[in-house]
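In structure tokens, the next block holds one chain alone, the form predicted alone.
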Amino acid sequence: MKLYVTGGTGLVGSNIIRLAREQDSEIIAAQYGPEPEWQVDYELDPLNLADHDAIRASIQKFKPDAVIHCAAILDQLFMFANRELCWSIMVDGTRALAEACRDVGARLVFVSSDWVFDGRVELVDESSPPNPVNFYGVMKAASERDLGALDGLDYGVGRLAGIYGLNYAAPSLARKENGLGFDFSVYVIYRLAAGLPAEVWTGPKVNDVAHPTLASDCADMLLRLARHDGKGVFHCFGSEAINRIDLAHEIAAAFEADPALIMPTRTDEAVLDEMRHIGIPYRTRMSADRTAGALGRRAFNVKEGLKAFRQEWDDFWN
């Protein structure tokens, strides 16, 4: 398979590329921003997703069999302050990519998020209507809608949640700061692995319950989706929901760290102030039963994911 990946130096994209290379896929990675931190054995193609003509030209040039679109803006404050630019990249850029995929007969896998939901419903599934509470979620939901309305497009939407793991293209980009989202687990992992205390914000405005997802595991799910012929939404995240404190303790157990290093703490007041206009889903608990049936497996639960990650961590750093 000739596979085209956007966001190849990101956490998800680097794991997709690594796994696809093991499966003997030919890789083209769209390149914007930081470059890989070592020489790679796949083709890099410079691409600005705000340049829609360049998107079409790149897909026409390489004519891939499948495209996995991982690239996204993640900075909530930047998105709030630069809505037109971010819409051009995240929504209009995705539509241009989809049209280009349709023109060359490529299957498109669009990476979306659990943050298309507001976190107020006890359990949602692949068919539940979105109700985002921030601009990031709005843009993801808009792109999901656009893809479904585009005639003749072979596509699948793969929603992810709470991603952690190793960035195999640019390890220095690993997020090592605390946060309101469920990607705080990366911060906890790096702190506990170094024997340092790890604050876990439990006060206002946090994503308190979600589905932690090992990057290498969702890479497998997304590659399965790229080879699948089904259209619509698929839940490619970890198969078990958990709250922040319990996850931190599971991380401590997986890394044989002292659980006393986990410090439940009220959300930082400065962060609350700067994020006061931005909504955060409180609880994103979701079913992935339909996806598991379609793709032939369920994603890892919490213990399975952390066990696999501990092995990846030891292999990478030792």
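Note that residue numbering follows the sequence shown and begins at 1. Owing to the predicted nature of the structure, the values given are computational and were not obtained by experimental measurement.
Keep in mind the form predicted in complex with a small molecule is missing from the figure; the text below concerns it.
Using a 4.5 angstroms threshold between heavy atoms, residue 25 stays clear of the small molecule in the predicted complex. Although the partner is absent here, residue 89 lies within 4.5 Å of the small molecule in the predicted complex, judged by heavy atoms.
For the chain shown alone, residue 254 is not a contact residue for the small molecule in the predicted complex, no non-hydrogen atom being within 4.5 angstroms. Residue contact with the small molecule in the predicted complex: residue 175 places a heavy atom within 4.5 Å of it. Stretch 63-71 is the contacting one of 287-295, 266-274, 63-71, 246-254, since its residues have non-hydrogen atoms within 4.5 Å of the small molecule in the predicted complex. Screening 155, 136, 234, 117 for any heavy atom within 4.5 Å of the small molecule in the predicted complex leaves a single hit, 136.
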